[in-house]
Structure formats: structure tokens, C-alpha cells
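So this first bit is one chain, no partners, the form predicted alone, shown in C-alpha cells.
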Amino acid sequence: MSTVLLLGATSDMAVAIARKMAAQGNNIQLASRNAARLAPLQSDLKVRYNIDCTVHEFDATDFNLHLSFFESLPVKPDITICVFGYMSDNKVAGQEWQESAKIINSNYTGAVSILNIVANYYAEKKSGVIVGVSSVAGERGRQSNYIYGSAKAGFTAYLSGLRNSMHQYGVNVITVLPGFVYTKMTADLKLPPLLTATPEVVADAVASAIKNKKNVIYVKWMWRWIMLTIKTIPEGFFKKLRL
């Protein structure tokens, strides 16, 4: 039995992942800025799966408290899954720095801050698993979401370097690229069903990646080839596209 820490536990994907990992017999630590909202999930997981489940206050953008947050955990996690993120209107973010900063700090800086702490602990212990949920939006910048995409690109690159660094310590670092997902955040968007996953599908993919010690996974296999195609389009032509 392992202890799994979920950072950003109020998101739809995190809830599905928590249920999947609990169903496998793991103890769960739910961490979120809105920790009070996690009480119903905590109760359900404990009763339904007969596991230990704790709730913790965690703000991804309050970097100064990340070390004390991790040190305060009653049991240090064997598996840490970073699910938090934030996406908003790119035009607004391009005009208002506070919105850009919120996107960058929520999707990149906050993740680096807390995962550096986790990684140092795992390196000393010489075991552990880190899972970062990034995005295919980081594969190539597009006019529709380049601020969010650039933050996710940074996160993807960070996870790649961290994986390289942690390998010598026996720590597995997994990058998850979901593509479109049906969540509250995308509820107003018209998404192509073939390319869109449910939170439960994402949870299954994460659990499988942990079990099989994967490095990088695309939740929907089509996205690997879609993004490969997009990345090979010459820049002179690509900049004229409305994507």
C-alpha cells in the first residue's frame, strides 16, 4: 500500500485520479487551496475503499509556504501527482499582466516550487514517483492560447529534465499529456469527441503509467501524431494559420 499526494485535488481530473488510486488500496492525501470542499470526497473515499484519507491546505502560488506544507504532512507520500493548473482568455492575459502572472504561476512556477521539494525528498530516500499533468498546448505555441501554452511548455521541459536528474536515484517522473478533457474548465467549449477524454480515462491512464513506469504518455493516442504533425509544419507557413 502506497500513500498518494494529490496537489490540486478539487479538479475533476484529480477527483477521478483519487478514486482510481483509492480503489487500488492506496492511502490518499488531498491538497487544495479550497480544502473545505474536499470533505465530501474524503469521507466517500474512506468509507467506500476503507483507506486512510487526509485533507490539507495548499496554495500552488504561495511559494513561501510550500516547504512547510510538505514538512507538515503526517506521512510523506510515495507518489506525488501534480494536477493543478489555470486557464483563462488569452486576449485578456495578453493585455493584463496580473492575468498572465496567474497563468504562469499556476501552471509552471508553483509546480516547480513544490516538486523541487518533493524531488529532493525522493532523491534522499532513493525511491518515489512524481506525476505531472501537463498539456499538449505546450507542444507548440499558438495564437489562441500561447500564454497558457508557454507555461505548460515550461512545465513539460521541467519534467523532462527532472526525469533525467532523478533517474540515478530510482525516482520515476511521468509526464501526462491529456489533450482535451471534459471538465468544468472546458464546459463552455465545443470539443471533438474523438479527441476528448473523460476524467476517468485520464485517471486510468495515470494509474497504468505509474504501474508500468512510463515516462511520457498521451492519454488519447491520436494526440501524439497530431502534435508531431503540428510541430513539423514550417514556421513560415505555421505563423499564417489561425490556430
Partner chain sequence: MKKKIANWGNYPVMESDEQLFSFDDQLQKLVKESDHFIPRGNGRCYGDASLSEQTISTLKYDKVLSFDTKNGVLECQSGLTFDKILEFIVPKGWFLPVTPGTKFITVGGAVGSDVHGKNHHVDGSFSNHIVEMELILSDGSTIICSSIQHADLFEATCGGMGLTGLIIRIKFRLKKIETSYIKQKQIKAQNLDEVIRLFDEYSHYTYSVAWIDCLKKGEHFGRSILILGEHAKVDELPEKFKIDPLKLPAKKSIPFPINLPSWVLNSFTVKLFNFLYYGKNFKREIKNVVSYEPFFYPLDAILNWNRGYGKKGFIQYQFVLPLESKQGLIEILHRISDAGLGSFLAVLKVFGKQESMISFPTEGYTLALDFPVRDGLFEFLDELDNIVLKYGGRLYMSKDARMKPEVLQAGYPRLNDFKKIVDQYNPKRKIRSVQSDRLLTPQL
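Residue numbers count along the first chain shown, from 1. In this text the structure is predicted, and so the values were computed from the model without any measurement.
A second form of this protein, the form predicted together with the partner chain, is not displayed here; the remarks below concern that form.
Remark: Ala209 does not count among the residues lining the partner chain in the model of the complex, judged by a heavy atom distance of 4.5 Å or less. Using a 4.5 angstroms limit between non-hydrogen atoms, Asp204 is distant from the partner chain in the model of the complex. In the model of the complex, none of the heavy atoms of Lys213 sits within 4.5 Å of a heavy atom of the partner chain. Contact annotation for Val219: none of its heavy atoms lies within 4.5 Å of the partner chain in the model of the complex.
With the partner removed from view, the residue among Asp44, Glu57, Asp62, Asp52 that has a non-hydrogen atom within 4.5 Å of the partner chain in the model of the complex turns out to be Asp44. Residues of 7-22 that come within 4.5 Å of the partner chain in the model of the complex, judged by any heavy atom, are Thr10, Asp12, Val15, Arg19 in sequence order.
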